[in-house]
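Read the single chain below, which is given as structure tokens and is the form predicted alone.
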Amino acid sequence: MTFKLFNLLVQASVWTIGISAISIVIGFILALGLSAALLSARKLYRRPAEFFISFFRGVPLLVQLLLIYNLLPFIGLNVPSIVAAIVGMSLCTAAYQAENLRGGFESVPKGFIEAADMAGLSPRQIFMRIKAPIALRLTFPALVNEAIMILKSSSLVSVVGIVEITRMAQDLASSTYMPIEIFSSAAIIYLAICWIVAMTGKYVERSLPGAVK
């Protein structure tokens, strides 16, 4: 295993990190809306959100990626493979993050909300000062875990032509006949990236309001 081959894997990791990061951010934004719909008393909002989450949690990500990759051109949207990959991963992680956020909002003690209401806070102030901080604090470990899962699941985007770590490892292994060395190196890179995310998550978690120092 030469430095040149290892460097090719490191370069491919840029795609892995970039696609994962963008998907996680977009997924979180979508999850906020989905969690609000799940908690809504109106079935008009709640039922579509429940269906969305059931679909994207119940169908394998690989199938989702292939479906979206072929569906977009079918409906007239000729987009690059990377866009299809980001769309697929964003929708998938949004479903999981929405359930995490829903659980966090439902876990906010009602006494806190009642006290804030009696103190004269508006619904917006109650959400920003009470509900959101507590829900984020409760769900943050699960959200970090979801980020790590998306990082590892990004290996599946190779099926739509993205040359990330796994695809690069497959190409190098087939051309150099060194599968053990190549895939071991790929595993080390994945492990390093996930470890950094986990450690960063722990640091941020300790910095959140109400965290135990």
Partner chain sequence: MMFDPNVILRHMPEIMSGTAVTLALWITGMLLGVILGFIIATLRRYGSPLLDVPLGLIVEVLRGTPFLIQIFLVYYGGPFIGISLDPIPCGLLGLSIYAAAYYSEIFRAGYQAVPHGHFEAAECLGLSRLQIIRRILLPEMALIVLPPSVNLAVILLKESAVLSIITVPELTTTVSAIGSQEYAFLEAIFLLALIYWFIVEAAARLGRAAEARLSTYRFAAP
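These numbers come from a predicted model, not from an experiment. Numbering follows the first chain given and starts at 1.
Not on display, but discussed next: the form predicted in complex with its partner chain.
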| note | in the predicted bound form, the residue from 66, 30, 36, 144 with a non-hydrogen atom within 4.5 Å of its partner chain is 66
| message | Can you tell me if residue 21 lies within 4.5 angstroms of its partner chain in the predicted bound form, counting non-hydrogen atoms only? | response | no
| query | With a 4.5 Å heavy atom cut-off, would you call residue 26 a contact of its partner chain in the predicted bound form? | reply | no
| said: Taking any heavy atom pair closer than or equal to 4.5 Å as contact, tell me whether residue 190 reaches its partner chain in the predicted bound form. | reply: yes
| message | How about residue 49 - does it come within 4.5 Å of its partner chain in the predicted bound form, if we only consider non-hydrogen atoms? | response | no
| said: Taking a heavy atom within 4.5 Å as contact, would all three of 13, 125 and 140 count as contacting its partner chain in the predicted bound form? | reply: no
| remark: Across 126 to 163, the residues having a non-hydrogen atom within 4.5 Å of its partner chain in the predicted bound form turn out to be 152, 155, 156, 158, 159
